[in-house]
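This document contains two forms of one protein chain, each encoded as structure tokens and listed individually as structure 1 and structure 2.
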Structure 1
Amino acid sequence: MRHGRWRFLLGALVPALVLHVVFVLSPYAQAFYLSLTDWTGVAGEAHFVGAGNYARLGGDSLFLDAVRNNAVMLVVVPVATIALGLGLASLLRTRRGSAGYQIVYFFPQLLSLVVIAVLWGFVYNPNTGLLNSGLRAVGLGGLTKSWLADPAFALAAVMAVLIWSSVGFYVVLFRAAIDAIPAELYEAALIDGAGSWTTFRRITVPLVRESVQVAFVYLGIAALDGFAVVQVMTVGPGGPDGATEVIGLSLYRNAFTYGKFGYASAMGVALFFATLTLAVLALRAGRNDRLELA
């Protein structure tokens, strides 16, 4: 019986482990190796350059612009999306017919990021776009701008699209978490005379903290990417003057435009460790919070 059980476990686990090694771990290993070479993507052999590619990253001004922009996105996109998602989910808790609102909020999730980027490109069009046309229609023509061509506003315009495309999903996620909170807590707060803001701050936020932490990890990963929206929407892409450059775009350009696959792999490895660090810190912070509450 014992041997039969081990044979069953091995038969179930080994195929999955082999597939994981071949299709997940092996590509990671290849990327790490290529980051230490000068492979061009088409050459039959690659020369080992050690940490040379990583040393070049520190002197690459365009890559540093990308790191700066991704850092800004890492702060703004998760915070704004979570704040909007929590606020809207809390409002829907007490509103009748909220299911219809959730469907409307969730609608952008049905569209791919490429489609969303194309649509918002039309919205931001300086001559015929919906945004500038709306400003002119209400007498605020002086506020119209070339949103994606102005270095001061291009990154904000891109982040607005990422937030708009994401917030609906997190409204649904947070609404489900809020529905799991016992109604007696809200009733007790109402009897004690707590207002809406106090109830939100003292009851809702602490009890949906785990959902917020998961949302921050996923949104942080999305903010460290941003490639699809920047590639489709922006001038260059990545412009103007590197104002919307992101690491994923730098990686793509160096690999498929300049044929520097080794250097691009170094960027990919740097992005991998940045994402891994974000996830570990967020999950560890959540674990510490749970231990303190316990």
Structure 2
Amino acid sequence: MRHGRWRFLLGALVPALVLHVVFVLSPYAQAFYLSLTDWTGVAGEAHFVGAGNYARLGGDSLFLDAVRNNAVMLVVVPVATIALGLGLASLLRTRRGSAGYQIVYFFPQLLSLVVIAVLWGFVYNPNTGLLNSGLRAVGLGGLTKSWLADPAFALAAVMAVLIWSSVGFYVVLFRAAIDAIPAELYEAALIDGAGSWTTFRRITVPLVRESVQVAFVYLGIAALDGFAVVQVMTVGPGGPDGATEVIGLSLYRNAFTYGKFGYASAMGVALFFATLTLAVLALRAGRNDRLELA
């Protein structure tokens, strides 16, 4: 039996481990080394340049645009999505038809970001798009814009798409968290004469805190990405004039258009540390005062 045990364990673990080492672990490890070289893809032609690539990142104005845009997205996308998601989830708590609403809200979450980007590219089309022709139809023709071609609005247009596609998921997530709150708390609040806003602020929000934290991490990671939507939807892509450039797009272009693989890897490492910092900060923020509920 002991013999059979080891044979089974080896058979169960080794194939997956080989796959994991070859396609996941070794590329991640190589990326850290490549980021310290000037490799351009020719075998054996990688020269060690130390922190040179990282120093160049600081002077690459397009990369700095990307960092700035990702930073803006990192603040706006999670905050707006969580606010909308939590608000809608708590509205759904007591109302009829909430199941139907949830079904509709959730659907965009299932679509590929490419499908969403192509769709919204049409919506934003300056002449024939849903948005501008809708504005004209209701007499707000003065508000029409070339949303994706105007540097002042392009990033906002991208963020709106990201928010649109994720709100529904967080409505369902928060709805589940709200349902786990004991009904007696809401009844007690009702008896004490608390209005719906007070109930939301004093009961719902503190008690779904952990879900909100999880949401921040997930949305933050999505906001540090943004690649698919920007690459498919925006002009350039990444334009106009770097207005929608994101780190992933800079990395992709430097690697697979310019062949600067070492430099691109340095961007990957920078993105990795940004992601790591975000996760650690978000998970630390709520560790101290966790509410215990019987």
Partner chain sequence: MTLLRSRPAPVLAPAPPAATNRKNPLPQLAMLCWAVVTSLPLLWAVVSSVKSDDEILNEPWSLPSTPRFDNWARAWTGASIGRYFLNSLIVVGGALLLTMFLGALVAYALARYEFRGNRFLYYTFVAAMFFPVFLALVPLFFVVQRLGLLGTYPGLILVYAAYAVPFTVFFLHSFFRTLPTELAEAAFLDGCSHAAVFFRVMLPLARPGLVAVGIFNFLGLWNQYLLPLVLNPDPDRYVLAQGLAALSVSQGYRSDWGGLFAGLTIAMLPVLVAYVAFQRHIRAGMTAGAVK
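Heads up, when I say rigid core I mean the largest set of C-alphas that superpose within 1.5 Å between the two forms. Every residue number counts along structure 1's sequence, beginning with 1. None of these values were measured; they are calculated from a predicted model.
Comparing the two isolated copies of the chain, the second one is the form predicted in complex with the partner chain.
For residue 23, a C-alpha deviation of 2 angstroms or more is recorded between structures 1 and 2 after rigid-core alignment. Shown in the overlay between structures 1 and 2, fitted on the rigid core, is a CA shift at residue 10 of 2 Å or greater.
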